[in-house]
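What follows is one chain in structure tokens, specifically the form predicted on its own.
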Amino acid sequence: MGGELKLVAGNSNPALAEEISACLGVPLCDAEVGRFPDGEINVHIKETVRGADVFVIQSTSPPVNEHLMELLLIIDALRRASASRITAVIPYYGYSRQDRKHIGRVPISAKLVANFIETAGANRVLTLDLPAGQLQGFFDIPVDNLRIDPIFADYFSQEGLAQDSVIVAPDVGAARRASGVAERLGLPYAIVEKARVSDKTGQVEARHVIGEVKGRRAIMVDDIISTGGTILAATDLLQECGAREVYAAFSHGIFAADAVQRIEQSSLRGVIVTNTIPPPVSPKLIHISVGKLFADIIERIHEDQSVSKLFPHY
């Protein structure tokens, strides 16, 4: 175990940081993360952190570049203030979907961001449900990537949504995540086959459902909702295939552009999302808090206990 446990928060998700602080019974450090008149970010840690075990709570959510730069400067300030260990707690890891060269002459942005975080001085990273587990290999420091399947499985069970349901992957990339939830609940699962109609607009077309959904409640499970195009197209197809009602659950809710309005106008019964990014308010949005989860994991890391006993890695 390192020194005294301390928490520092950026501006990306104050409510989640306060919840983590309350669960741990550890107050947030007195820290200023503001702006100079020219727009540059100003960070000042106003209490000693020398020899401390510091956890920086900051999602790199929209505005992504602003929040990422805050994270880097906070880490740098802590390193220069002689913190014993710095853990970057990044509930939502921005740029994570840019993890490979899918065409020529493009960056691998997720790797570059990992380099930034390490260079700033982080000793460890804690995050939730990376789009691909191999992103952990972009870092040369320990990364704890918490799984979403036990969180969703527990919620569906507690809320009575697991009865007579089928867990659905809205595309092939979500199959492992959806099957993990289905296996925990002993439910069948299905996969929606989709095709991207336009790379420029992001428009997608759901074409086939692999699996049986007729007469069942279909619950789609995926990592990120942005514009909502994939989910809304899949919802229409699932209902055409006889699904009784359709829900969707996401680890991270970006809700870009008019996504919330489109969801409200759709036949989706509800969209379940965690608060790794501050969620908007809508009658169709159901929020799951991960504050207690992150507090428990932070405590285990601080005490040098196993994290995988609670959340096995992907």
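All values derive from a computational prediction rather than experimental measurement. Numbering starts at 1 and runs along the sequence shown.
Omitted here: the form predicted in complex with a small molecule. The next part is about that form.
For the options Ile224, Ala81, Ile141, Leu73, the one in contact with the small molecule in the model of the complex, meaning a heavy atom within 4.5 Å, is Ile224. With respect to the small molecule in the model of the complex, the three residues Arg97, Asp171 and Gly229 uniformly fall within 4.5 angstroms at the level of their nearest heavy atom. In the model of the complex, the small molecule lies within 4.5 Å of some heavy atom of Lys194. In short, of 181 to 189, 143 to 151, 215 to 223, 101 to 109 it is 215 to 223 that has heavy atoms within 4.5 Å of the small molecule in the model of the complex.
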